[in-house]
Ligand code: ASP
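Take a look at this one chain, the form predicted alone, written out in structure tokens.
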Amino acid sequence: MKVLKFGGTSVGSSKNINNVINILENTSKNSAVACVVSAVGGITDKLLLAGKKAQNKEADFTDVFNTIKQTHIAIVNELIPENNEAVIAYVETQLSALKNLLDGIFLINELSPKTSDKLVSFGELLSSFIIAETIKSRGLSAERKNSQELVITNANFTKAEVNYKITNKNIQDYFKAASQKITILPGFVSKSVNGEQTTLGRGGSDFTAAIIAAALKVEQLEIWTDVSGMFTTNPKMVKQAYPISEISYQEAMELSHFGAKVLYPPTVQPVLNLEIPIHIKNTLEPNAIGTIISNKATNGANPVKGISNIGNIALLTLEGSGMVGIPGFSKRLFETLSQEKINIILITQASSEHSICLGIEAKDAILAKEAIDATFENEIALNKIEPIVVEEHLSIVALVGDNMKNHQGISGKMFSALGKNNINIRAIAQGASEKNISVVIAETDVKKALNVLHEQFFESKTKQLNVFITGVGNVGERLVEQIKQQRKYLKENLKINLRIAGLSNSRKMIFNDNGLDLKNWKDQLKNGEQASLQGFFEKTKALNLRNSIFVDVTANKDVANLYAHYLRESIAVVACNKIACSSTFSNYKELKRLSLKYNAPFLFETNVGAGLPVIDTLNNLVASGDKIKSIQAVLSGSLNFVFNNFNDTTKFYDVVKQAAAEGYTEPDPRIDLSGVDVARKILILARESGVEMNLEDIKNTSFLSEAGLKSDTVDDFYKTLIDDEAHYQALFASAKAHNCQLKYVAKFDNGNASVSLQEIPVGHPFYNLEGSDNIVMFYTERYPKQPMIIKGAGAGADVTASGLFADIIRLANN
């Protein structure tokens, strides 16, 4: 004998019912089958809705009834298209009885638990009849047996308790005499010893199947649903979730208690002592392996078997100095909730006995507060304890695994992973058996928490990074293309799953929490929503994705001003925008402080030297205990390009225009040519060396003409370059006369910094610096005479994008 149970989705349509029948036909070839079925998907909810509307005197309860009727009649016509008159007549008779019951509820304006059980029983009774008749119409040996004649309970309506002595004998006697190959039984429904209709409560169809399996002592109970077993976590929230092949009874009950919908915890009880395995299978994918729940030890490499959650939780906190050392507070608290029939899901108490926290369903929060405050009214009036504090919009997330107790550091990894992603833990509960570690967090953080924990405990050390990029002009476009090109390599070789979840230019912005399709990102962006800097931040925050990184590829002050907001949300910041790090020293230090406080890295390697590892090298020197004595550098790729291409046969205007056209200068070339950009860079290096300095402390000797310095617009500035050609030719002529090269040099020495155009003699390391290259020389205690030199391309879209890319990859190891 085999016992199979099919849930509401499995029998939710004629197509799915046909799948069920195929499974039953194949199974019955080798064994007799007892098949327990749920109501057609969604019907139980509709029955309850119709009853509620009738109770509330809402005449449109008839509309809900008509939907129920049409659903069942349609399924009959689809499954038995010919000679179905007798089946239709029976179904209509049952539906007529249902309508009479609803009319009665409407008339007396009452829906008691007893009547509710009668009402919801129609779902399973109708579905089991239709399925049995369909099987018989196809020539298979089948009969329907009403479970109400077998499963006998007490009169605790809506959640009746089974009388196993009578029930087991009924089941054994019936199946001993049964000759059919397939027996269809309605799940969930039962009768009291007095013959009144009862139900087994939520998950009752699973329970019915387990009761029958235990009574018949079958080898295995099969529960068929719409998913391929119990998953490592909710696959609707975590796309990387996968079915667990084997799991213990205890683990299954823990996961089910904490939100896994595949199995209802009481289902396990009838088969637990008999050690009958439960096999969870997928009706829509019958060949999938599924999950086997048994008493068999499942010692795998991973001590964590699954991650689950319960939503709509309220946290109650009872605290006060008057509780310390006084016995009886806990007893009175729990008795109060018990009297109100409020279920406690989670309990945690401080060892000081100063407070007790309880997790309950949010719907019971108001009732619980009123009842507890009333119980402790005297103590509250005497200020011995505080009125009960209620926090809502919370969820419980739980790690489950029989073998967690044998592995050190599980809770540490859990809390660390959540903390790194700014997920605040409101309460913690862990039993001495260590089979479950539960935390209470905000509902808005559940998806992120499940993904973070799944990545930590179940994925092969692949870290997902979610990138949000503002500024997809020249450099930003190259960055997107580099990410697109390297995604496969990063995933296969570095175990980094890099996704761009948001993009914005000055006009439009787009988002996708599953990662944008980079094949046509430009077209998507054209059709995106109206862009705004604050809107981009709010959307990034709202998506609340793990390991989020904001990338600023602009030169915009307003964007830089938002860094603090991102860091406070534990969103890492990667920037080529120099404005933030060269702003006031107090702002620079505040960003550094926020980065540490919220564990949100703030990386800005491309602020100095584009893709060159200048800041990284400097930080490594300082971190290793070296002291920076002085820095000499050519830090402007654009200025180096300009003076390497400017001579007595060229026009200064033409060279600057060429630099702009090739992407070496900012859109406003005055930022580069005025020396401000170089001053910002040496300022950043000085600060990273540990020196407190502001931009106005740097001596900037400009080479521009007076008219160029005073120009109001970019167009005016370009005009001055034409008008003042003689001024720039004079600079070149002087350098040529002294056999020197013109280089714009930044210096930092003994706490002083300066930037200026200098004539560099032959033999100096700066003399042969070509193209747009940069060079930085660090003189330190360890490098006092021969400096550490970093040299290479210091400007250009590709190298700047690669520098940003390198910072993003660096975050994967954070």
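One-based numbering along the sequence shown. Just so it is clear, the model here is predicted, and its values are computed rather than measured.
Below: the form predicted together with the ligand, not depicted.
- Distance criterion of 4.5 Å from any heavy atom to the ligand in the model of the complex singles out Gly203 from the list Gly322, Gly515, Gly203, Pro669.
- With the partner omitted here, the stretch from 333-341, 363-371, 419-427, 203-211 that lies within 4.5 Å of the ligand by heavy atoms in the model of the complex is 203-211.
- Although the partner is absent from this view, Val776 stays clear of the ligand in the model of the complex, with no non-hydrogen atom inside 4.5 angstroms.
- Using a 4.5 Å cutoff between non-hydrogen atoms, Ala39 counts as a contact of the ligand in the model of the complex.
- Shown alone here, Thr44 lies within 4.5 Å of the ligand in the model of the complex, counting heavy atoms only.
- Although the ligand is not shown here, in the model of the complex the stretch 99-124 places heavy atoms of just one residue, Glu124, within 4.5 Å of it.
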